[in-house]
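Quick setup: one chain, the form predicted on its own, written in structure tokens, and binding and motion questions come after.
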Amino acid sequence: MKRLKQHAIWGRRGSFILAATGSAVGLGNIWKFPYIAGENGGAAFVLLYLACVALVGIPIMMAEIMLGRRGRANPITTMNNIRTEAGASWFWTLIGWLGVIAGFLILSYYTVIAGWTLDYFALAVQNKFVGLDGDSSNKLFDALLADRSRLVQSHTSFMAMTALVLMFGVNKGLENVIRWTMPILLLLLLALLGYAYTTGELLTSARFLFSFNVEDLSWNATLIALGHAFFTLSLGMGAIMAYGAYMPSTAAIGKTVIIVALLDVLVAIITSLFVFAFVFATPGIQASQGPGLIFVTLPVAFGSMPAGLFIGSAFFLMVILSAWVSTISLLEPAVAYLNERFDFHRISACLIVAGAAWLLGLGSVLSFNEWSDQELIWGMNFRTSIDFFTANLLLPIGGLLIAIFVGWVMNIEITKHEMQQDSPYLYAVWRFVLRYFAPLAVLVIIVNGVYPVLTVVVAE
């Protein structure tokens, strides 16, 4: 198989685990998981989520890493080389293109939302949460969304932070940042959990998350858990395949992915525990507050609790770090493609890709204010259209094609060779789930995401 010169291999043991965990954690687990768990019954949802991670997330993540390590290049070149090796159609190169395009599109609006965390960290440090109630906290958040200038500044800052890391390359930039960012993030998580214990509501939070009621199980909760299990591991967006290209050939793919998935789930549960402890310790706010839980509900809690200035600052610093390592992973696939395919210097590649994503992100900035009511497609504005296109089409289709290609098209001897560090039993279970269960589950995700929109379009 033709391979490009390998630019880098993770230089230190554990770097891939930290990088993949950082990519997976992101805002999905710290922002989204607590509120969807709160809206869907707590423990029953957590159980469903764990099952979906094991049966869908882990098998496809193993397959995506395998492709990256086998190809030793950016996702597009990797898929072109591997499909040639397999004697398969050029169609399968689409997997790489879908990943790079999806990562680029997500990056364009992810940095806009991540930018909110910079604003809220500044507010926390200035002790601006004191005296907030539900109405005033809503007004504070609405004022941020309405201020185009503030959104552009924070969007620009976050994009610059992201591009700067990758300009220094994989080892000097990406790996070095991951090596100190992730331990700090985990320490902040544990510190916040420890403080949550002092509020006296950590046990209430644990009962909420882990008290199981059969009546809480529902088909809708299952679909939400399935979708989140897929998206939380950064599958189908090129990042995991790009990181897999830097993975040492002696590393065990299966064991590594299981560790990453466990860390990802652990972060989600720990975050939920202390978030709900803060919520339950604050009168007048509810656990099922929806997407506003982090930016509307928690500031009220921080403003009313002892040491709220320090706890609020620590919390939003943690969110900034988690978002930062995620945006880095979203930028890397496209940067690697320009660097390897067209021989762009990494600095030039970063400036081109980050600049284009920043420019596209201005549409998302305007979607929260001036363009909020401007329909682009099917009743959705600019940002929600891109979100729908990536989350409901590009990512799951990419994941589906990865499962089919590795499970049915790729030579079985090659997959065995790439997984030779793992036990034969793990390989057999993985291959079976990847071939038969994972594709069906991803098809359910696609249908569940697209069907409601299609019914509205047909009705019109």
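All values reported here derive from a predicted model rather than from experimental measurement. Start at 1 with the first residue shown and count on from there.
This next part talks about the form predicted together with a small molecule, which is not shown.
Counting only non-hydrogen atoms and a 4.5 Å threshold, tell me whether I17, T181 and V267 all contact the small molecule in the model of the complex.
Heavy-atom distance to the small molecule in the model of the complex: none of the three under 4.5 Å.
Please identify the residue among A354, I106, I95, A334 with any heavy atom within 4.5 Å of the small molecule in the model of the complex.
Among A354, I106, I95, A334, a heavy atom within 4.5 Å of the small molecule in the model of the complex occurs only for I106.
Tell me, out of P396, G26, G68, G57, which residue has a non-hydrogen atom within 4.5 angstroms of the small molecule in the model of the complex.
Looking at P396, G26, G68, G57 one by one, just G26 meets the 4.5 Å heavy-atom criterion.
Name the stretch: of 115 to 123, 143 to 151, 80 to 88, 232 to 240, exactly one has residues whose heavy atoms fall within 4.5 Å of the small molecule in the model of the complex.
This holds for exactly one stretch, 232 to 240.
Is S329 close to the small molecule in the model of the complex, meaning a heavy atom pair under 4.5 Å apart or at it?
Because a heavy atom of S329 falls inside 4.5 Å of the small molecule in the model of the complex, the answer is yes.
Applying a 4.5 Å heavy atom distance criterion, does Y110 contact the small molecule in the model of the complex?
The answer is yes: Y110 has a heavy atom within 4.5 Å of the small molecule.
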